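Only one chain is given next, in C-alpha cells, and it is the form predicted on its own.
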C-alpha cells in the first residue's frame, strides 16, 4: 500500500477504495497571458499532492489533512464556503461535481445518489507552500479525479479542470485562470503543454532536458502588492483594449491586437496613459513570444528558447512592472552565466520564484554562487528546488 493509503487506514480504520497523485506545475513562458486570452506553456512537476478515498453511507464528508494535522467534517447536503481554507479546496470541487451532474439534461440519478452518501478522504503533499507551484490546484484536481473514479462519473480531464477552476473562484475566493488546474491534470512526462486560453485547444511539445535541469530559486518573499496590482494589471489591459476597439470593433482582447495597433493607438504620440501603453506592449509581445518559443522546442533549439525567457523577464520587470528587486537580482545573477540558458520570474510577481534552465554539470556551482550572492544582498537564505517534468493527475497503488 502507498503511504497515503496507510495514513487513510490509520485515520479511518479501513483500507481506501483508491488513491490519487496530482502534481504542482511550472510555467516556462507566457506570464499574465491567460486572462488576455493568450497562450501559456506549463508542465506538471515532481512535487505533488496525494489523496486516498473511501465511501461512507451517512451523507458526510470526513477529511483528514495530514500535513496540517487537522480534521474536519461537513454534510454533503449543505456544501458552502468553509472557515478553513484547506477544507474549501476539497468541498469546492465536490459541490461542482454534484451541481454538474444534477444540472445535466441526461443526469444519472444513481451517480447522484451514490455521491450524496458521502466519503472519507485523507490528503498529504510535498509541494512547497508559497512557492507559486499551485498546491491548491493540485489538491482540487486530486479530489475531483478521485471522486470521478470512485463514483464512475465519466468527466473528461478538461471538464475536471474547468470545475476545479470554478471551485477555486467560488469556494476559495481566488479569481484565477485555468492554467494551474489544466496543467496539473493534463501533464505528461517530459512534455510541456501549449494551451490556447481562448479556444482551450492544447498541444504537447517535447522538452529535451538531457543536459539541463529546471531549477526554481525561491526569494522567500511575497510582497503585499501582489493581489491588488494583479487586479490593476487586468484593468489596464482592458482599458487598452477599449481604446483600440473604438477603431477596431472586432478586437475583444489583447490576443486580437497587433504590435502596430499598440503603437498607433496607445503609443507615445497618443493621449494614452503611459502605463496602459507599457502593459499592452508587453502583453502583445509575450503572446507572440510564446508562439515562437514552441517552434524552438520543436527543433531542439534550447538556447533560443532560453533567450526568450530572459526577454520575458525584462518585459515583466520594465514594462508590466510586476517584478521586485529580489527577483530582478536573481535573474541578473545568472544572465551572463554560460551554464544558464534562460531565467525569468514565474507567477503573479512581487516575490515568489525565478525559473531557470541550468546545465546539469554546473548545477551545484551555479546554485552555490547565486545563493551566496543572494544572502549577501538580502540577508535571506535562497531556497532551491530542482524539478523534473512528470505525469499529470493519476491513480496510484
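Between two forms, the rigid core is the largest collection of C-alphas that superpose within 1.5 Å. Numbering follows the first chain given and starts at 1. Quick caveat: nothing in here was measured; it's all calculated off a predicted structure.
This next part talks about the form predicted together with a small molecule, which is not shown.
Trainee: Residue 371: heavy atom within 4.5 Å of the small molecule in the predicted complex?
Mentor: Close contact is absent here: in the predicted complex, residue 371 is far from the small molecule, nothing within 4.5 Å, heavy atoms only.
Trainee: Does any part of residue 178 reach within 4.5 Å of the small molecule in the predicted complex? Heavy atoms only, please.
Mentor: Yes, residue 178 sits close enough to the small molecule in the predicted complex that at least one of its heavy atoms falls within 4.5 Å.
Trainee: Should residue 329 be counted as a contact of the small molecule in the predicted complex, where contact means heavy atoms within 4.5 Å?
Mentor: Because no heavy atom of residue 329 falls inside 4.5 Å of the small molecule in the predicted complex, the answer is no.
Trainee: Applying a 4.5 Å heavy atom distance criterion, does residue 230 contact the small molecule in the predicted complex?
Mentor: Residue 230 belongs to the contact set for the small molecule.
Trainee: In the predicted complex, which of 30-38, 352-360, 45-53, 331-339 comes within 4.5 Å of the small molecule (heavy atoms)?
Mentor: Among the candidates, contact is made by 30-38.
Trainee: So with the core overlaid, does the Cα of residue 320 end up 2 Å or more away between this form and the one not shown?
Mentor: Yes, its C-alpha moves 2 Å or more.
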